[in-house]
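The chain below stands alone and is given in structure tokens; this is the form predicted on its own.
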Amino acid sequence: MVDFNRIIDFFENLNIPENMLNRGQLVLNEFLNPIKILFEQRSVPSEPWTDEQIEFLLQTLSNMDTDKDKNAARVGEREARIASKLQLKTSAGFCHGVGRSGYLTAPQPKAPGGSIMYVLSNYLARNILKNFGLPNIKDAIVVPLCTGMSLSLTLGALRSNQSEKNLNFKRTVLVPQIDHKSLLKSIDLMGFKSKIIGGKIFGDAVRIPIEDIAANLDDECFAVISVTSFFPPREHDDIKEISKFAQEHNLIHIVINAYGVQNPEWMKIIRSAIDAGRVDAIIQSTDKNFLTPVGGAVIASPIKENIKKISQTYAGRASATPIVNFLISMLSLGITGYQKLIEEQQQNREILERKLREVAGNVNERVLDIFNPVAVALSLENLKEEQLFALGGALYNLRVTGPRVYNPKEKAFGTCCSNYITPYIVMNAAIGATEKDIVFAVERFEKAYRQIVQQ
């Protein structure tokens, strides 16, 4: 077997000067050293890796899986057989996936390399959250599920806690109003009932007071949801008080932190809630926070046993692709790269608000007074109903994606309350967006606004 750290030993008797061999070994060792450190420390690297280093790691690990064994006699019904070599690329070579039926983090006998890859990814998931705001979590897991499906999995896993106390009849989840269909569907999927506590308007902002949540508690409730990141006018929940409430009434408490990892203020709120009361799990999207393709989430908990239960509740073997995508992001960004992205996000959020305030002054509108460290909402009170409808299409035609236009005469869904009367547009300065994105979007918004008004 070749020891790449001493590869020059194989060429000592050839006509290659020793100083040249040593120079080559030095370069090779520097290429391989980050992989050695990753195996030893199992944490997100301080500095980003090169694509070549990431590819080398993935190819090395995937070559440990049994589908790469040319001498194997593969007679099972699931042997990672593929129709095209293109599928090796899309899965990074991990065709066997991860886990075993009924236990997501269990080592897979046919995938030693995939098992190592998954263990490393989960270590890195815990490490990145600890580094960026949640030092008081105990464990984390990457799952090949969106945020909503991750909520279903988590509710199903932690719901079993109730059976220990013979409370199987409890099926209701307290939900401070979250106008997002995927989260509501995720509760329905498990056969549970959502008890929605409506939002109230405080100035421009929509909030759900803890008193209203407490007033809706009854004997059917076994869990409560809280949320950090959401679209204006909805502000984050009072998660610290909800955690105290959950602890007092023995309720499972799950925090939906969909795109909250990118903001230190939201993470601080969760950290305080963990210290103050009960938080069973925190769910965050991999694509919204870590710049991966859609399809993954990180579930974290200050209770290690909860992550084990969630892992054991997953039905079947899982696709490795969303996990690989998360691992690639962590290695390609590193701690310094992710910190830079967060700083850029904060700067872009300031630019977005400043630019929108300038436009608001020009068209006699106003920036709504709502706390949200990612998004900004601007009133559209001078537009008629048909103009509100036209604005979204005009922006799309101007190649601006992402804004949300709210027309109070059309529907209330999205505001998280029943009587929000101010029409508005929401624009985001989320992680990964560039200053160019922000500037162009605001300029094109003003252009579209003026065009609609002049028609």
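Numbers for residues come from their place in the sequence shown, where the first is 1. Since the model is a prediction, treat every value here as computed from it, not as a measurement.
Below: the form predicted in complex with a further copy of the same chain, not depicted.
- Screening 407, 418, 46, 60 for any heavy atom within 4.5 Å of a further copy of the same chain in the model of the complex leaves a single hit, 60.
- The contact with a further copy of the same chain in the model of the complex, taken as any heavy atom within 4.5 Å, belongs to 95 out of 142, 95, 208, 246.
- Site residues 51, 84 and 430 are all in contact with a further copy of the same chain in the model of the complex, judged by any heavy atom within 4.5 Å.
- Of the candidate stretches 246-254, 211-219, 270-278, 315-323, only 315-323 has residues with heavy atoms within 4.5 Å of a further copy of the same chain in the model of the complex.
- Contact check for residue 387: every heavy atom lies farther than 4.5 Å from a further copy of the same chain in the model of the complex.
- In the model of the complex, a further copy of the same chain sits beyond 4.5 Å of every heavy atom of residue 202.
- At a distance threshold of 4.5 angstroms between non-hydrogen atoms, residue 88 is in contact with a further copy of the same chain in the model of the complex.
- Of the heavy atoms in residue 35, some are within 4.5 Å of a further copy of the same chain in the model of the complex.
- With contact defined as any non-hydrogen atom lying within 4.5 angstroms of a further copy of the same chain in the model of the complex, the contacting residues in 387-416 are 396, 399, 400, 401, 402, 403, 404, given in sequence order.
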